[in-house]
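The data below hold one chain only, encoded as structure tokens and taken in the form predicted on its own.
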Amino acid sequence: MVASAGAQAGEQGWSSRTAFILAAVGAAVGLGNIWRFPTLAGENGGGAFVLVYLVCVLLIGLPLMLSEFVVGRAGQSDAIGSVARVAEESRVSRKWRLFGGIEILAGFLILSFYSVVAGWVLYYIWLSGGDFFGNLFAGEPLRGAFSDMGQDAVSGMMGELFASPGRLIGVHALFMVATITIVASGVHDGIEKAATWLMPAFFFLLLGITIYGAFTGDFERALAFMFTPDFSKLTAPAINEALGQAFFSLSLASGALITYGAYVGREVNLAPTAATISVADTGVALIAGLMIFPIVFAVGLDPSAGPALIFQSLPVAFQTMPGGSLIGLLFFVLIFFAALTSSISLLEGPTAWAIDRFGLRRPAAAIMIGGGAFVIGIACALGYNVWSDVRPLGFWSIFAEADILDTLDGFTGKLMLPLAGLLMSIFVGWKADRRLVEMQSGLSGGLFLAWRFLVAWVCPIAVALILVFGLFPELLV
């Protein structure tokens, strides 16, 4: 039997089903839930988009998540090793491990630029913390955020950060060090403990700020916007966006879920566990909308502003709201927790591969992989200033205007992740031994047949559409 990455490091995997759920939810819940989902909902008419998104999570996201857990637990290794093991037991070509390699490489590349973006969050925590504690020491803890600054100065803080290579690289380094430290500490003492502390704190802050927004913002309008379908705005591009969001928001095809599945004990029923994780992740996305949109509507902001909404518009909104100084600080701490739990999973996938492939000790593997991602991230950070005119894939029309970070984001999101997801669905749906898959899934009878049908037929078609329309968006016009 192939030894798992956890076993090679002297560990036995997750200590409980709850620990696994918290870690997997942490992997799935990230920056995409906090700003990408509200942004896409805002751009595509709200309620109709949300409805399609929920259907896509049920019919595509959940079946693929369970597939990754099944391969991981059956293979008991990193993403490449697990696929190879399942292929061997299913008497099909070990070349199928190629998509495990794509997943690991995609996770590594995503980590490199994800850490840069998460560094922005650290920078805003520093600014917000200085603002709040300055007000606290002045005896005015409930003042609006950055109340001594003009709105142009507040919205311009992001531009000041981008103009400073030293600051960008510095906060990128801090975030990467935090990620490496946790992963290097092991499954039990690092990843599991981080998830056990960070995820409850994340949910507490998420609900707290949502309640704050319900009382101080336009909560009624936010509810109507998110849950009143306007099917006249449900265009083909909007449906494709909902499909893509359902795929990406669950952290599929990045190597993380296969690796986390390898640490799951045989006593854990994977099907209801995957359902719990999917529901939690989707719930976070919905609550994030209810957290952000009341504030957005109350101060007349554009709900489809994307990252600019988080780092430029909302700080201005916190200026005018009671207690905005404190809420602004807590808001960025919340985003930091989401970013950190996701980056941990992105690093764990390639770290487990390095442990299994080269026999490295866990700290050395985490430092080697994390250090490599950090170096690539430096190039992403410099793409906002000294290398701002660099277009790595400028010859490709969809990347013609993309800077270094956006190129990496687009290449992994439009090509690598959908390709790996497509191969995963074909592998589990058509190639993997049926008895092996059924035994690991925890499903039987009609439920197993329904899941296998979704994985074999619906998921490949859906993910292929994500791949084709991502690379050739003009086909949607």
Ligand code: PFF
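Think of the rigid core as the biggest set of C-alphas that the two forms share within 1.5 Å after superposition. Just count from 1 along the sequence shown to find any residue number. This one's a predicted model, so the numbers in the text were calculated from it and none came from an experiment.
Omitted here: the form predicted in complex with the ligand. The next part is about that form.
When the ligand is considered in the predicted bound form, V183 lies well away from it, no heavy atom lying within 4.5 Å. Interface residue remark: N33 is counted as part of the site for the ligand in the predicted bound form, having a heavy atom within 4.5 Å. Among residues of the shown chain, S254 is one whose heavy atoms approach the ligand to within 4.5 Å in the predicted bound form. By the criterion of a heavy atom within 4.5 Å, F248 is counted among the residues contacting the ligand in the predicted bound form.
Of the candidates A28, A432, V50, A420, A28 is the one whose heavy atoms come within 4.5 Å of the ligand in the predicted bound form; the others do not.
For the candidate set S345, S313, T179, S325, a heavy atom within 4.5 Å of the ligand in the predicted bound form is found for exactly one residue, namely S345. The stretch from 393-401, 353-361, 145-153, 254-262 that comes within 4.5 Å of the ligand in the predicted bound form, counting heavy atoms only, is 254-262. When the rigid core is held fixed, the Cα atom of P63 travels less than 2 angstroms between this form and the one not shown. When the rigid core is held fixed, the Cα atom of R452 travels less than 2 angstroms between this form and the one not shown.
Taking the rigid core as fixed, one finds a CA shift for G421 smaller than 2 Å between this form and the one not shown.
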